[in-house]
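Have a look below at one chain only, the form predicted alone, in C-alpha cells format.
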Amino acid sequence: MIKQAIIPLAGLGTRLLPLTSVFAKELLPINGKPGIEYILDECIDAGIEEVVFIISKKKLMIKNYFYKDSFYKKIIKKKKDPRVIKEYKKILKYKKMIKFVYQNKPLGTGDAVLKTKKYIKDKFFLMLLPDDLIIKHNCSKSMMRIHNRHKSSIMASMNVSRKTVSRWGIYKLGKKINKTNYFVNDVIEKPSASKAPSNKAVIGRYILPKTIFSKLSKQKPGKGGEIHITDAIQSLIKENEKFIAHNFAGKYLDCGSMQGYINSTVEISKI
C-alpha cells in the first residue's frame, strides 16, 4: 500500500500575478477553501498517511498556515465559535501528516522531488501537482487500484489539443491494457506539435518508484535549465521499468492560471 505523498509547492505562481505577489497561490481560496486543502483531502481519501510539502523560504506562508495554534486557541477561548473550532480541528488533522522540505532555487520539478529522498520509505510514492485539481472522482485512489493490480508506476493522462502539446509532457503509448489504461513507451517533455507522438498529456498525478531518486541525482538540466521529472521517467522506461498511463474519470481543472483559477471556483461551486 502507498502511504506517502509529495507535493511540490515552491513555484512562484507567476501565472496568477498580481495575486501571488503577496500570497501563496496554493492558499488562494477556491469556493471559500484554500486550494491546497482539496489536494490534501484527495490524499486522505486515497489512504495517504504522510505528505511531504516542498516549499521555499519565499513560501513560508504555507507552513505558517498550518502552525497558527496560538491564534486559533485565543479566538476559541474568547468566542467558542463552533465554525472556528471545526476549522482548527481540520488544520490540526492536516498538520499531523505534513512534513516540510525546502527547494530555494527554482531548478524544476525533478529537483523538487529529489529533495524528498530522505523521507520516502517504501518502493512507491504518490506525487500530486497542486495546480491540477481533479474533481468528481478521486484520481489518486483509482491510480492506486491500478498500481496494486500491476505493481507498476502510474501517471494520469488526458487528451489535449494538438495546438497545446508544447505545454505538456506527452506520451507515446504502448500496449492497451483496457479502455482507460495503456503501457507507456515514451514521455517527451513539451514537444512541438510536429514532434508530439500523441495528444495524450501527463496530468499532475503520479505514482513513482523510489528508484527515480538515483536517476534524478545524476540528471543534467533539460529545457529551460531545469531538472524535469519526465526526463527521469523516460530513463526508467528505457530500462524497462513499467509505467501506465491512466485516463482518469474526474473533471480536470487548471487552477494555476488566472482564467483557470476563476473557472475552478465556478465549477466547484456547482458540486
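What you see is a predicted model; the values in this text were computed from it and never measured. Position 1 is the first residue in the sequence shown; the rest follow in order.
Although it is not shown, the form predicted in complex with a small molecule is what the next lines describe.
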Closest heavy atom of A24 to the small molecule in the predicted complex, within 4.5 Å or not?
no
With heavy atoms only and a cut-off of 4.5 Å, decide whether T14 touches the small molecule in the predicted complex.
yes
Flag A201 as yes or no: does it have a non-hydrogen atom within 4.5 angstroms of any non-hydrogen atom of the small molecule in the predicted complex?
no
Partner proximity in the predicted complex: P106 to the small molecule, non-hydrogen atom cutoff 4.5 Å:
yes
The small molecule isn't shown here, but in the predicted complex which of L129, I146, I188, V101 has a heavy atom within 4.5 Å of it?
L129
Name the single residue among V165, L133, M155, A112 that comes within 4.5 Å of the small molecule in the predicted complex, judging by heavy atoms.
A112
The stretch from 25-33, 239-247, 66-74, 211-219 that lies within 4.5 Å of the small molecule in the predicted complex, judged by heavy atoms, is 25-33
